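Just one chain is shown here, as structure tokens, and it is the form predicted alone.
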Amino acid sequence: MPMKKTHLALVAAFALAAPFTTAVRAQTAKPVVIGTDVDAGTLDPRLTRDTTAYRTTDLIYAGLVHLTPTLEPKPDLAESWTTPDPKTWIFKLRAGLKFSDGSPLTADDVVFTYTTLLNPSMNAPQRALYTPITSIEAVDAQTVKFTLSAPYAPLLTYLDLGVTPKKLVESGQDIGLKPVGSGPMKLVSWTRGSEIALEANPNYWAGAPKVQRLTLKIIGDNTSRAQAFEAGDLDAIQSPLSPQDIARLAKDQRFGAVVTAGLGVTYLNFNARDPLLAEPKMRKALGMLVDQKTIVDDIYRGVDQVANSVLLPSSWAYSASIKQPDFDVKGAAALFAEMGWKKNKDGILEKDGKKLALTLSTHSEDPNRVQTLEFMQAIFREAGVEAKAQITDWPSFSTNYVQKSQHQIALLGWLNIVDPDRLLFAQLTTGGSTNWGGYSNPAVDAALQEGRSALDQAGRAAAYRKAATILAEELPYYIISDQGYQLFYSRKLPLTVQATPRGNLRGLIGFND
């Protein structure tokens, strides 16, 4: 639907249906056990950085809206909203909302959540998604008014952020460790590196979920997690999974399966601050050494798809005409020669007495990424690039390395790309909060700003295509593949499972959109 029509529809007060089936549910005391690959870094929804944290906080907390599996915003804590003009959004909260500890949830808690998230001192990873908000006001206990600096098309999609309890946080409680939310579940215990145990929250506005207890078991190795699922120790597992495990699990009649396109990409993050990688021509030459087809076909066994650009094929902004450089070893050699790099007697490229040497890095928990990195390392060396592979655990790789911009070329992924803005703005605008590679191009900045402020979808698509065209040439990111999404679950689960490509878990506790 064109955005203009969407806006016009929003001008009138929404009287929207509840997002979930809210009838009284037959409840089951048997815990549901779900395998996951990494531990949560925090359970404060304003500070989440990893998928386990996103998915767990989505159960513990509730936002103003909830995103359906088709990414449609539906009412959650807010029962309705109006947009009297493109820069003003007014949300009406449901009556009688409570946090899981029984304390009331009011407009002050919503104001507190977004005000603190926007405070630069909090260093919230997703802060850039909300910076068009210039003020948040509690009109009354049930009414919140957002004022924007400019029309901001993706806003509603981002308002599923969990609302946090103002009084509790201001009293000194660290909700990153002891969360109290208003979502369908609440925390029972958290054993770091092992498991997170949750139970139903009877104070959730839509009623307690059918599943009374849920445990997230942290099993880092993909195959070990799949084996634990097959042995009956887990009730469900989802991406990331190894291709050989996916093929085997899909044939097992004991399990339900959802295999579909995901909302994520696997990519190379070039550190543009590194003198060796500062020139787009060097990044382009190295990108031409990435054999995407072999990586996708042989390592990922077709689970993912070869990517063309930073735009997902499922997005309304996608254009097949925008393409990154293809695998082209001769073309890369020509670019190296143009930059003055020549092979020495050992076959390594040199310039001014220095070898062309760099470090490729990824994390150890994902064997496909490790294999991809080692495959790339071999091709790089054949082309005369002395490539070192650095493989460490996720915290060492992510928090203590890439996020500190210490990398040269890092192999990692982005998930939850519910809008092109989510992959691009914070990551690739100058000074963006997750622009770990330090990329900067004023033309890209302007296009990405236009993409989030245009009121019609055609205008947004044009802006993102302009940015993607530049990015495909300058390559601060090289997108290797568009990720698939897989969910496997025991058919013994006493509920109707609903999957979402975001990987969120409400569809595994009895809430269906």
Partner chain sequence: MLAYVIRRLLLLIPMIAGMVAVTFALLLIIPGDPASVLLGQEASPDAIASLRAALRLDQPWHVRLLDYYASLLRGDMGRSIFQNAPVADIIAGRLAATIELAVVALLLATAIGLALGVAAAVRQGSLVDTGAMLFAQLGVSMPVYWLGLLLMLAFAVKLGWAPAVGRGEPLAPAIVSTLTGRPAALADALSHIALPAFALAANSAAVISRLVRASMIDVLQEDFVRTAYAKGLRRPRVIWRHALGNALLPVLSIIGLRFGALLGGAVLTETIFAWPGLGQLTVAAIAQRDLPLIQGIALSFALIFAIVNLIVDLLYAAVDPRVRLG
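Predicted model only: the values in this text are computed from it and were never measured. Positions refer to the first chain, counted from 1.
Another form exists, predicted together with its partner chain; not displayed. Remarks below refer to it.
Interface residue among Asp328, Glu72, Glu230, Glu279 relative to its partner chain in the predicted complex, by the heavy atom within 4.5 Å criterion: Glu230. Only one of Ser242, Ser361, Gln238, Thr434 lies close to its partner chain in the predicted complex, with a heavy atom inside 4.5 Å, and it is Thr434.
Only one segment in the set 190 to 198, 110 to 118, 204 to 212, 271 to 279 has residues whose heavy atoms sit within 4.5 Å of its partner chain in the predicted complex; it is 190 to 198.
Proximity of Gly484 to its partner chain in the predicted complex falls outside the 4.5 Å heavy atom cutoff. Among residues of the shown chain, Lys30 is not one whose heavy atoms approach its partner chain to within 4.5 Å in the predicted complex. Though the partner is left out of this view, Gln126 does reach within 4.5 Å of its partner chain in the predicted complex, counting heavy atoms only.
Not displayed here, its partner chain is approached by Pro395 to within 4.5 Å at the level of heavy atoms in the predicted complex.
No residue of the trio Thr88, Asp445 and Gln449 has any heavy atom within 4.5 Å of its partner chain in the predicted complex. Of the residues in 390 to 416, those that come within 4.5 Å of its partner chain in the predicted complex through at least one heavy atom are, in sequence order, Asp393, Trp394, Pro395, Ser396, Thr399, Asn400, Gln403, Leu412, Gly413, Trp414.
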